[in-house]
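What follows is one chain in structure tokens, specifically the form predicted alone.
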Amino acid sequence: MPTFFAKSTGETIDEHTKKLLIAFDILSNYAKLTDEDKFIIIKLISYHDLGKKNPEFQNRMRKKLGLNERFDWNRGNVPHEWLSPAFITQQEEKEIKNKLQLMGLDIDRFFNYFIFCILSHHNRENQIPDNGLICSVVDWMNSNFQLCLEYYYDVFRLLSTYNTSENRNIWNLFFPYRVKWLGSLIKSDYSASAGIDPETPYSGSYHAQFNNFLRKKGFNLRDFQKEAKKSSEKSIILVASTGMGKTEAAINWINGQKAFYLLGIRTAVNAMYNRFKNIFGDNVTLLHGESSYFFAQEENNEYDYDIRIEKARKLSYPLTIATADQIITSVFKYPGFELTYLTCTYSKVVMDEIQSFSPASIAAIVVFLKEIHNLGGKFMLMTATLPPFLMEELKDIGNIEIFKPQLLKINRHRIKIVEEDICMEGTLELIKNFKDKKILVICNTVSKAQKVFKMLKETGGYDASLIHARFINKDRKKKEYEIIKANSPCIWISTQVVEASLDIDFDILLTENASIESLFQRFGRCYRKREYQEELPNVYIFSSTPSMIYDEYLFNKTWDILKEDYNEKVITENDKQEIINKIFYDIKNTNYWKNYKKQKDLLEIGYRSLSRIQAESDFRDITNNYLIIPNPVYENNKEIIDCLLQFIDDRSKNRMERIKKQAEFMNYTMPMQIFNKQVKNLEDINKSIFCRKHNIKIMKNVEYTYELGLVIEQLQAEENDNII
């Protein structure tokens, strides 16, 4: 018999299969699998790549390996996994069915499902199989390799039956096996192909490192933080004020087990990663859309870089700090989602500040947490404010501990309602009164923040600073550093970008009205952990409009309740919980609820995204995404940018150096949604392959300065009224 290759490296099918079996042996120490499950998965691994013996695949491998001997075949290509089940012998089929019978399963249906798992270990749901061609390949292999293969199954029927998530009876019956069997096959295959172990054991002592951190900081755990460890084998819901130590409670709950810590935005993830890294060292990794650039700055060795990336993407580290989209998007069941689900069934998932997500994203998070909980995973949902409908969703799922709210005993905020626009004389007067303080002004849109900045500078003569989402990355990072280090007196004007991502503490907050959960996030940037005992308010809430950002009902009800019941009064931490309950008491007619319910219903009736990229859009409900370079930035840095792109597009250059140049280039870009008339202002960048691949454009007819960021015409600004 000829040598059958599995990889263009010269690795044979037998060698590759052995690597998978070793990988699965490691994985089976983590995944919750019965002996019968392990038997089935080992059989799946044994058969999954045998279809690579087909002549077309072998000819491709031989060409890449520079071998001259080729098989006489020119009738087309059949994906190898569609041929693999033909190698199952009658004796093997009998053994598999016997095992299925022992498991109490319908042997015929689940044997079909066994075949489906082999057919689905690569993502080809968009291809239609040609049964005639499959039979031809099988006949050819029987004739030329002296085999007794038989095409006894129907690829199209099996893929259609078990990938149709709308048929909830079939989907739900097989779903746990899909996660265990197919998830294990995919994770073992991907890990073996990447040359990494599917799981990395914890190095050192988790508890000793945590205790050492507490000792150095002089921290003594509070009672609820200790209780979190006692409830380590349950899921947890924790409502606690900012500054109460939710993160330490989460670390104690993780209790040395594999975990994912999820947050909404990259800035917050980067900060949390550094915090965990300082305690747990190399057991921790970072996972978000730009983590590859992050690793490139830390690694010089290409092999070490590749291993680090692969381990992060295959979810192999003991502790992963990630943006929620890296994990939660699997709830949209894109092809290959089984790897994430399987991993989460033997991991702990910490979901921080769920209220900061859109209602559609919250629905995805809720469905995901419920599903992994039902499959044996555990989650910790922690937040400063939890809308009551979320508690109703989760309180009865079983094996869940709902902690008593942990609220600060000190008073931090006295509010005043200001019934005028924030870009008026009243703001100038307030700033004059507090000129020796650290003042934070938060507006709902970039255009309003820029308008307030100009008013303070041109009319008031104040030396203020501005931060929002329309700065290029290089300037945004510098401004984030500056606002964190700011000392009094100072004035910073911002948008929602400071609500949850930055550890900042100001003396006075001037803010436009917003929906209540957003408003309380803003409160958390003022007197963050300090007690406020003055008679004058330290939080001023200005009249505004909901724009396209906030639900109108929640926005207006927030204003009405604060104005009627709390104006010029101290708001305690208990008050905040009561206000949340009042505002979210009856929301069934709001757009907020409708968007939440629509997404949740869609997922529960079986909606699936076609790809991971589409799942990311479905999760964030964001479309028309571009990375742009404002034309003034491009013109002022043309020589540098063109030089970087020339190097990046030159594939003869060292790969690690190219990645580092990509990271450097990204400093001149900013993410932006582009709609309607704005599209005509976009221009390709020097026919760059990299820019074309990543949808990066120059944006013309705009202004840009370090002070103001991107300034677009008023008409365009109105189209982007939801930009924060």
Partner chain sequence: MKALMLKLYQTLCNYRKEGSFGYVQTYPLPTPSMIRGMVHEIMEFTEYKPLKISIQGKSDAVITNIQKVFKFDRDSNSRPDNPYKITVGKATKTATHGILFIDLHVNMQLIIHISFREDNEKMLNELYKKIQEKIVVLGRNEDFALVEDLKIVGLNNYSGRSANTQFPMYVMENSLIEKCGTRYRLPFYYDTVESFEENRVFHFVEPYYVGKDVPLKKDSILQDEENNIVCLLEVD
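Positions refer to the first chain, counted from 1. What you are looking at is a predicted structure, and each value in this text was computed from that prediction instead of being measured.
Separately, the form predicted in complex with its partner chain exists; it is not shown, and the next lines address it.
Q: Does the 4.5 Å heavy atom contact test between K451 and its partner chain in the predicted bound form come out positive?
A: Taking the distances in the predicted bound form, the answer for K451 is no, it never comes within 4.5 Å of its partner chain.
Q: R109: heavy atom within 4.5 Å of its partner chain in the predicted bound form?
A: Because a heavy atom of R109 falls inside 4.5 Å of its partner chain in the predicted bound form, the answer is yes.
Q: For T161, is any heavy atom within 4.5 Å of its partner chain in the predicted bound form, or not?
A: Because a heavy atom of T161 falls inside 4.5 Å of its partner chain in the predicted bound form, the answer is yes.
Q: Can you tell me whether R157 touches its partner chain? I mean in the predicted bound form, with a 4.5 angstroms heavy atom cut-off.
A: Yes, contact at 4.5 Å.
Q: Which one, N625, N433, T89, S488, lies within 4.5 Å of its partner chain in the predicted bound form by heavy atoms?
A: Going through each option in turn, the one that passes is T89.
Q: Using heavy atoms only and a 4.5 Å cut-off, determine which of Y585, Y607, Y152, F219 is in contact with its partner chain in the predicted bound form.
A: When its partner chain is considered in the predicted bound form, the option within 4.5 Å is Y152.
Q: Quick one: find which of 555-563, 637-645, 315-323, 170-178 has residues within 4.5 Å of its partner chain in the predicted bound form by heavy atom distance.
A: Every other range fails; the passing one is 170-178.
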